[in-house]
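Okay, so here's just one chain, in structure tokens, the form predicted alone.
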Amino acid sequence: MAVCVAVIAKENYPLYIRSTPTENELKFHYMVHTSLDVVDEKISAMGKALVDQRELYLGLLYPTEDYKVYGYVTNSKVKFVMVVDSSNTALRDNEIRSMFRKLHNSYTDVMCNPFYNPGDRIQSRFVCLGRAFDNMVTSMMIPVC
């Protein structure tokens, strides 16, 4: 399960960041923003192959002592970053890939909403807009004891 999930716009500003536990929120925000450099490196290394390739999963961006950071990029260059606790050895690459697919599908539903302005933050206070997205992200997060 994830400890932090972020959706980053094409221009590298956050559309949505959620982390648990909240006492490490600044640490997770820092990890997400530092991972954007690795995402850009992987995208530029793939070059034209990324356009032709259907696989948008970038895999492990970088591990730290306590966490692993994974990345995913959409065709429109929106980036999804997920921070996972490294002590969770049962979580496999295929499971993380499926979590990103669910996140991408939910993000697509938000983008298809006529009340959403592309580029705005995804906020759960709008019942019709972000509530389903927020609930889906909550289902992927580690429950706080």
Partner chain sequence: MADEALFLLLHNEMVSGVYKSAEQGEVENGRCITKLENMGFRVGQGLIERFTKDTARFKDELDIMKFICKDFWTTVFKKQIDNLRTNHQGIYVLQDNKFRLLTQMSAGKQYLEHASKYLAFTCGLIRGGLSNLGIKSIVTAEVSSMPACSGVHVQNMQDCCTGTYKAMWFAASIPHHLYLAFLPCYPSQLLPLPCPSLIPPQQTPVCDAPLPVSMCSHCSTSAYE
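Positions refer to the first chain, counted from 1. Predicted model only: the values in this text are computed from it and were never measured.
Beyond the structure shown, there is the form predicted together with its partner chain, which is absent from this document and is the topic of what follows.
- Annotation: in the predicted bound form, residues 61, 70 and 139 none come within 4.5 Å of its partner chain through any heavy atom.
- Per the 4.5 Å heavy atom criterion, its partner chain in the predicted bound form is contacted by stretch 113-121, the sole one of 61-69, 83-91, 113-121, 29-37.
- The closest non-hydrogen atom of residue 10 lies within 4.5 Å of its partner chain in the predicted bound form.
- Residue 109 belongs to the set of residues with a heavy atom inside 4.5 Å of its partner chain in the predicted bound form.
- With a 4.5 Å cutoff on heavy atoms, residue 97 does not count as touching its partner chain in the predicted bound form; it lies far away.
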